[in-house]
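Quick setup: one chain, the form predicted alone, written in structure tokens, and binding and motion questions come after.
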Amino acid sequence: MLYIYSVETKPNILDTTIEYIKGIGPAKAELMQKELKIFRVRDLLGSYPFRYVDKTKFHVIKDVTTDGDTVQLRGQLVSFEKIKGKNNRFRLQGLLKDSTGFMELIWFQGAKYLTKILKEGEDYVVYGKVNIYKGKKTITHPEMESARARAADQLQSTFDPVYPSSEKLDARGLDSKGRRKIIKTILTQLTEADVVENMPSYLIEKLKLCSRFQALHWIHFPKSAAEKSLAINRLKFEELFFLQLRLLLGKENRKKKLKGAVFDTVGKYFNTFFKEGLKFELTGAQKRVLKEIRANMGLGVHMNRLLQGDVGSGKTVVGFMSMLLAKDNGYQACMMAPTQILAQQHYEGISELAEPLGLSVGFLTGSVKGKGRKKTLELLANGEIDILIGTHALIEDPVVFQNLGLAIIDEQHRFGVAQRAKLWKKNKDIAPHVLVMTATPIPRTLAMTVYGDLDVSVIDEMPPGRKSIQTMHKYESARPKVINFMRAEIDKGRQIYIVYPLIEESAKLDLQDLNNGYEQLLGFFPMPQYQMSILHGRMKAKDKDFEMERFSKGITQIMVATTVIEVGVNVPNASVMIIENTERFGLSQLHQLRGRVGRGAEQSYCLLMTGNKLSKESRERIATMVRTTNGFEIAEADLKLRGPGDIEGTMQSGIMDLKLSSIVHDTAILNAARYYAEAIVDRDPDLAHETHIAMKAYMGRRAQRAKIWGRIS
């Protein structure tokens, strides 16, 4: 949905298309559009430097003694000539003199241009990397600037900006030096009237932020480290503040416009299950989350809630009890899972819980065809199916519910936004409540950014009596002991997962692949004494199901697999997880894999196998896995090691627009931005107050350029 604020604005220099800027023109403008997505002056000024060259210090030639140092000198160009070398190739050679000595300057390219602009006897500021050979000091292809021009420059910078570039841009004179010149010219023409302030004055004063006008000048051409820091802090806060404000306004707008079914009755289905159907007492965290969901669904406002909890924390029971609330209030419920294996598992588990209550549970995936599919669709449309479990088949057009009131999406990061939107539209009269569940713990900073428009519930407590999985790091030299340990566990009646990162051998990565590993394991665990299953992503669905069923029933003792088993396999008798080439996996993935064991009453183990050569980051990941089984602690560590990445299908529009700020490293700024955005939305959700008019106008201009999916989880 697109939120557009109607605001009249007069054009200014920032809205000028770049083809009309001196030094660019139509051809270069087209290149900048393709390479950098720069269309207007505001885009050009919003393409910030990624680093700066510190030109606050000048060296004197006699003190330059280290080969490879980058230095800045000020001196007179005492000689400048064209010299013929080998193979009739020419070079330009200059000699720079200061009060302490001489420095040779050499250029192998650009002779025609340089002979026009450089003059003997003139003073220059020279910048470049020094080469010292047999006492002779040389700078090849130095940057040259007239000392008089440097002194007269209105935007004289002591930190020269360096911009992202490409070979094509460099070839057309749009490298850092070329863009510096263009941006300097624009900034000299820019007035404070052109750079309209976009945040309330009280907020700028309270946080002691510099103005937008100052920030634009100082981010490109700071005269000091203090100016650079002030500009960066202002622009980082602005980015994160408007991201949070937009998400919160979208959430507020959805609550106003969308009505949800009123689940105000806690009836016989919920109460009977709570008193008689639960095999274990709910944890405090489960009870707290259920209260949050009940309160949310009882208000008549559409629920859009993220439920996150570690593997084994009891999310499914909470989801099922939420479905019972739907049934108690006369509505159907559904659950969509990313894979057939996981959907089948949910179907079996929920059917077992629902059967004593007399509820009808349906199952629908792509493999359900013919008469069976037709019958399921008829029963669903007639309201004879209370709960439907399935895969993305649930969102297909022929699937019609009589009265869908609650849609649960499991492992939501596997679904795209558009897919979830279709499920959300399955009730034409009233929006079904949406509960998205994930076993991938999400750090708070990421949750408030990626899922900033959702209410978040967290199950942060594990059921009592569950034994912690013992995690150990083993090098290849320990392989014989690992094999003996596996045999001992199998002799106890346990089962084992062995996970490989690749299916086929890759000479490039030198990995022990699944096929070779399987052959080697046959030598250690010969048939018929031992039986093995094999599972990978290139197998047909029916073959995967066959192998998974053999392992689930205990026919095979060892499951050799790729990360296909990361989500959705539940075999309580499997007590050992062995991960080969552990260094090739991310932390969150390792945690998900480890969560496949530890589901039964017996002690479970996770062995992380690696070679001896490990990077510092790999050692950190493995040490984190050995140290803790807390998914949230692991997620925080993963975020710091890898950054937020691209969370498939859930990335809110705008997060990829962050140019300066990082949700990993700028948590203090993010928390402050969230705090002040929440305060504004609480006091003035329509941004109608006179102090918020400029902010509303700014958001209106941005909203016209981007879709906001505020109504969709």
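Residue positions are given as counts along the sequence shown, with the first one as 1. Just so we're clear, the structure is a prediction, and the values are computed from it rather than from any experiment.
Keep in mind the form predicted in complex with a small molecule is missing from the figure; the text below concerns it.
Only one of 255 to 263, 427 to 435, 225 to 233, 303 to 311 lies within 4.5 Å of the small molecule in the predicted bound form by heavy atoms, and it is 303 to 311. For the candidate set R246, R179, K315, K327, a heavy atom within 4.5 Å of the small molecule in the predicted bound form is found for exactly one residue, namely K315. For the options T562, Q214, T283, N296, the one in contact with the small molecule in the predicted bound form, meaning a heavy atom within 4.5 Å, is T283. Interface membership of P528, defined by any non-hydrogen atom within 4.5 Å of the small molecule in the predicted bound form, is ruled out.
The small molecule in the predicted bound form comes within 4.5 Å of a heavy atom belonging to P463. Taking the partner from elsewhere, R172 is found to have every heavy atom lying beyond 4.5 Å of the small molecule in the predicted bound form.
Using a 4.5 Å cutoff between non-hydrogen atoms, R550 does not count as a contact of the small molecule in the predicted bound form.
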